[in-house]
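The chain below stands alone and is given in structure tokens; this is the form predicted on its own.
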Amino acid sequence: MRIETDQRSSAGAEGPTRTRRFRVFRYKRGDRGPRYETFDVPVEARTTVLDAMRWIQLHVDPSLAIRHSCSHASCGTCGVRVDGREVLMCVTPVEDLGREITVEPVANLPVLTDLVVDMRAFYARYPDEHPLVRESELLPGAKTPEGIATYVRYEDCIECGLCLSACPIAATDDRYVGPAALAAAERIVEERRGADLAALLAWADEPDGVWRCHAIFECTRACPSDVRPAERIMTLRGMLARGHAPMEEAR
């Protein structure tokens, strides 16, 4: 289905208005199957893919379902595939793309509706020892600023699921725990946080753990936060191959 748009409307910052054609994946519960709909969207110099999807929602089809929150690559909720590559919509300029742009949900996770996937299957892959948030340490005698009870530390991984979407092994075997979960396990091994490291390494050593990875490094390419999951998987492999735990465990 092609939907014409009013080119007088703006989808981004000030500047000359042009149009790009967006071929958008559509699926609603009860549909006989997925389909693609085409929208001609006005774009400008700083228009992002998220701007374009929001423009479609506001001006053409309010039923288009997307996930987004922070708009500056911190939350990971707007992860999709654009022209077959995993990206965050909020920091993907339309200017860098072609005349026709295909937007699809991330791969290897169940699609709930349109560009929205069920992330529960992503989080279920993580080891039980994985804490999403933990309290940060303070130097002896240090105090937090007035009005702040404590600091909280967040890891670099924004849990967007792009690495899992890009992983060719996850595409063929949903038992593989995947790059995000294994990278999280390596991060815990790196900084123990009170976890049972022997159990964690045993979990990583399972047939669907680190040995299932084919070292293609697509997950590292897709990661928007420089977590380098493939390298972390190789670190776990080396540790297991040598048959010993991290240095702090040996002490």
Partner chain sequence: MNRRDDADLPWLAERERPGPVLRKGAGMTPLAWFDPRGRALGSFAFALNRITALGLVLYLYLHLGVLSLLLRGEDAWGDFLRLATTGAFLGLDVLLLFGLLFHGLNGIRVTLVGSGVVPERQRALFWAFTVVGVLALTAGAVRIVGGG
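Owing to the predicted nature of the structure, the values given are computational and were not obtained by experimental measurement. Residue numbers count along the first chain shown, from 1.
Not pictured, yet referred to below: the form predicted in complex with its partner chain.
- Every residue of the trio A166, I169 and F217 has some heavy atom no more than 4.5 Å from its partner chain in the predicted complex.
- Think of it this way: in the predicted complex, its partner chain has a heavy atom of just one of L109, I101, C90, I158 within 4.5 Å, and the residue is L109.
- Stretch 218 to 226 is the answer when you ask which of 65 to 73, 39 to 47, 52 to 60, 218 to 226 has residues with heavy atoms within 4.5 Å of its partner chain in the predicted complex.
- Proximity of R237 to its partner chain in the predicted complex falls within the 4.5 Å heavy atom cutoff.
- None of the heavy atoms of E95 is located within 4.5 Å of its partner chain in the predicted complex.
- When its partner chain is considered in the predicted complex, C78 lies well away from it, no heavy atom lying within 4.5 Å.
- None of the heavy atoms of A180 is located within 4.5 Å of its partner chain in the predicted complex.
- Taking a 4.5 Å heavy atom cutoff to its partner chain in the predicted complex, the contacting residues in 74 to 88 are R81, G84, R85, E86.
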